[in-house]
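Next up: just one chain, as structure tokens, the form predicted on its own.
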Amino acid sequence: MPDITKFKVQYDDILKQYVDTFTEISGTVRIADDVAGLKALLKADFDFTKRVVTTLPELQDIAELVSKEQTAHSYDNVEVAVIQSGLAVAENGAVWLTEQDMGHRVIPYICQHLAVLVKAEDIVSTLHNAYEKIGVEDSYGFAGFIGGPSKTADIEQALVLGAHGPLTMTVIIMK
């Protein structure tokens, strides 16, 4: 195995690094102290007159709880999806989402706006740190890193948001 010690980066202020990186890739970061603060942020940032789904039971009073019994096609009109990640990466702004986190694997890709809750202590410095946490075990099945809203600039060098995923992505860090 190659020596990867040169990749051992530890940011002095990992939270600031994550916020700076995620903002730089067109994402939005909010900070919440508790569930009440989380609900207030969500209501301030998103249109709750449209369909809002969540995988978080503590939000089922303001949003529809995602059900695995529903088909992927039944989620084609989701305006906002609120899910939780157990891991975020400061160096690239990505969050790690397993199928269990997503509730239904289509949720973070089909919604117009994605909001992901991350605990501050679940932010690591680098992808190397993230892979150490994820490990080689395949117990999570379908999973992936998502970093910011969907975008492409392939067509005539024009930036297009929401090309193959959400138009916006907000990470809400729970302190």
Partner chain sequence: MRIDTTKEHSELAEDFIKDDEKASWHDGALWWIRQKRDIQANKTPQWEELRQAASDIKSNVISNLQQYLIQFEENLTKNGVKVYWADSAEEHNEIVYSILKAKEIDKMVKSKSMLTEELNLNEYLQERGIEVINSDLGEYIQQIDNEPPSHVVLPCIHKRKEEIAELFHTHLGTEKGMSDPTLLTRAARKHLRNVFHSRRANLTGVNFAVAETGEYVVCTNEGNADMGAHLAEVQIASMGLEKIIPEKKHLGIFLRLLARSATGQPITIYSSHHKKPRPGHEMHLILVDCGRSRLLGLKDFRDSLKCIKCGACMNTCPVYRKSGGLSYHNTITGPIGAILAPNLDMKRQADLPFASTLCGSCSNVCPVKIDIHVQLYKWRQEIVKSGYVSNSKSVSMKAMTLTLSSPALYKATGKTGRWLLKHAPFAVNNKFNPWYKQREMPYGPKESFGEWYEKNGKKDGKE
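Remember, it's a predicted structure, so these values are computed and weren't measured experimentally. Positions refer to the first chain, counted from 1.
Heads up, the form predicted together with its partner chain isn't pictured, but that's what we're talking about next.
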query	finding
The unique member of Arg51, Arg30, Lys39, His128 whose heavy atoms fall within 4.5 Å of its partner chain in the model of the complex	His128
Ile83 within 4.5 Å of its partner chain in the model of the complex, heavy atoms	no
4.5 Å heavy atom contact, Ala94 and its partner chain in the model of the complex	yes
Any non-hydrogen atom of Asp13 within 4.5 angstroms of its partner chain in the model of the complex	no
Contact test in the model of the complex: Leu56 vs its partner chain, heavy atoms, 4.5 Å	no
Listed range touching its partner chain, judged in the model of the complex by heavy atoms within 4.5 Å, from 108 to 116, 56 to 64, 30 to 38, 43 to 51	108 to 116
Residues within 4.5 Å of its partner chain in the model of the complex, restricted to 156 to 175 and counted by heavy atom	Glu156, Gln157, Ala158, Val160, Leu161, Gly162, Ala163, His164, Gly165, Pro166, Leu167
